[in-house]
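Here are two versions of the same chain, shown separately as structure tokens and labelled structure 1 and structure 2.
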Structure 1
């Protein structure tokens, strides 16, 4: 092995997978274009990724052949195609908790008048799976696909309290970024709160994500008793107090428990 080869190998290992792989560029392109708000041009992308226009063009063609992206006939620019959305929806349906929760979500909305959200824990991330709009005048827009912070949201704190222990440990080790006015930033305080949430079986997060907003979340478990997600009502602090009404707590916990039961969970 030559010296430069050794260096190349080292660099490879060091950067933990550089853009060595060609397919990798295709994936990066797809992701970039999806996060970009407007269609992208070949030249623009070639500058962005530091490669030639020819390469970008070839990759876009590959993506277009599989209908992952499309080219606007008028502007000649490229953008993600509808297929990506359709595949994403397919993936959503994989989460059993969603099917089990839908009915209960609308019922909870009727009972509370507030918007209802369902989240799940996937790959260590809390992601909103579904939203049922509330009946209030102003609506908070926690759209499906949104990723909630672990330490500064009701969904996240429920996941910390009832999800795998490793998740909490990792979260406590990391930096607790302040995502909103009243977000928790002290690890000790977080640990204390999570413990309380585990005891009481529900969590709130007033002014943690957005000022004036609160959520009340309860855990859902699957047939093995493993954490499957969180069900929550979300709305103005005017309707969901930092110390929520006993009735609201009972409604959310009840709904979550019934979803758990649908998933085959049986309380010991």
Structure 2
């Protein structure tokens, strides 16, 4: 290889690395601003990401030109623009279970008075797709996109029981962190609970995410009989006991079964 070819290869490698770093910073900026409750200034973002204000400004202008962020003319601060919201809504609609579940979620809320949540598996993670607030005084701040613990949430344990076998195997190999006062941290106990959930067809998680709160979840299946997600009611342990009422179990399982039927699932 000639000396000029060596230099050309090094230049190409350097440009590729700079492009990767540029793309990485742009995506991290977008993620940070989306999660922040208020618009962000260039100085604030510069300090957050440890880079110059000129660099931050250049990235923001690129995002603004593509309409992913907007700048407030009065404060000169930046925030996510409507285009990002529209793309997020389109992405949510690609999960077929969401469209199939919306009507049943409202019915389940009316029948139980409790908040109703819908989740699915995305890249081995349990992600909330939708929340319908209940008729109780408690309002939940769970947002679409919230990730639920596999071992310490009703949604997660339903996914472990009815989802891919590799999901449970991976969970058991990792550390079971204590997310709440009654969260499972013993692999043997988790395995026992998952087997019980397979047999009974539903899961709870009293005091596992927050003290005094519980959820009752049942699985949703697609036309192939594969796990498509979970439907749950969420509320105070005052209203959803650790061993829930038979009527609540029947309502949640019935709603999940009807969503599954909409997706084309037919039980054997």
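Each form is matched to the other, and the largest set of C-alpha atoms that superpose within 1.5 Å is called the rigid core. Residue numbers count along the first chain shown, from 1. No experiment lies behind these values; they were computed from the predicted model shown.
Remark: structure 2 matches the stated condition (the form predicted alone).
Relative to the superposed core, residue 65 undergoes a Cα shift of 2 Å or more between structures 1 and 2. For residue 207, a C-alpha deviation below 2 angstroms is recorded between structures 1 and 2 after rigid-core alignment. Put the two forms on the same core and the Cα of residue 43 is off by 2 Å or more between structures 1 and 2. If you overlay the core, the Cα of residue 56 moves by 4.6 Å between structures 1 and 2.
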